[in-house]
Ligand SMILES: C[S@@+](CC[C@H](N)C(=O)[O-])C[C@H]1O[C@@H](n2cnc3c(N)ncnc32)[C@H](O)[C@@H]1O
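Presented as structure tokens, the chain that follows is alone, the form predicted on its own.
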Amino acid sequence: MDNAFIATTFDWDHRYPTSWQRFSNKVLRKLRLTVRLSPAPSDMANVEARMNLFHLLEQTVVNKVPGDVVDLGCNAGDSTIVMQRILTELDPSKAVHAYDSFEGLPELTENDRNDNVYGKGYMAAGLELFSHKFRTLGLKMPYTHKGWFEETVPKDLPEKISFALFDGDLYESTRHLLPHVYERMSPGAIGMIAVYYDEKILAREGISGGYRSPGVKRATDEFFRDKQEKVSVLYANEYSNGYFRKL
């Protein structure tokens, strides 16, 4: 196991109660109440999802799969940071490409509106915030491609891809991305689907719509219906991640 990326970049301990919550919990115990306070779960990818990303991407490096790495829906750049940290340590010859509108989600079509999960402009994070994080960490900036996926993919994709993170949240985005990226993935390349919730595999009670992103699963299942590859599910606490390996 390589130690290129352990808990040194992000606040992985955000789930531990804060000092005021610990004090409140002591009071609640003395009052013999069963309620306990703890921080709310992250509204972006959590530690388990980052660990899945680390292990899947590292596999492609160790197995010397040809091609660069793409982050499709990079948002504020936390997943891209994980990717760049791994490649800086293990294979600096590979480039990281990050794609996002940096304006949040686009106008939704009926396919996504009917899910009642997202709206236009959700999860907006500017390119300056993305760049600031890399400057603060002293990390090499990835190639950034600003624009809607229909404008940047496939036009700005690298010729060969060894690892792809699909994080488009929507049916339409996922449906657009998959065929173009799949076509350029080398044999042995891995595609990770950031939110792929399959209640038949791992059902969870009480999680919000953003942890399910039903349009992502619909588009993914449609695409792989006639493919040899199988999409598998990985546990990621509030989330679940999907992944496939290109044959």
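The first residue of the shown sequence is 1; numbering continues from there. None of these values were measured; they are calculated from a predicted model.
Below: the form predicted in complex with the ligand, not depicted.
Peer 1: Please state whether all three residues G73, D100 and S173 have a non-hydrogen atom within 4.5 angstroms of the ligand in the predicted bound form.
Peer 2: Each of the three qualifies.
Peer 1: Report whether the minimum heavy atom distance between L105 and the ligand in the predicted bound form is within 4.5 Å.
Peer 2: Flag for L105 set to yes.
Peer 1: Within 4.5 Å, heavy atoms only: does E150 come near the ligand in the predicted bound form?
Peer 2: Yes, E150 is a contact residue.
Peer 1: Give a yes/no on whether P142 approaches the ligand to within 4.5 Å in the predicted bound form, heavy atoms considered.
Peer 2: The answer is no: P142 has no heavy atom within 4.5 Å of the ligand.
Peer 1: Is there any non-hydrogen atom of R184 lying within 4.5 Å of the ligand in the predicted bound form?
Peer 2: Contact check for R184: no, nothing within 4.5 Å of the ligand in the predicted bound form.
Peer 1: Based on heavy atom distances of at most 4.5 Å to the ligand in the predicted bound form, which listed stretch, 89 to 97, 75 to 83, 154 to 162, 134 to 142, is the contact stretch?
Peer 2: Heavy-atom contact with the partner occurs in 75 to 83.
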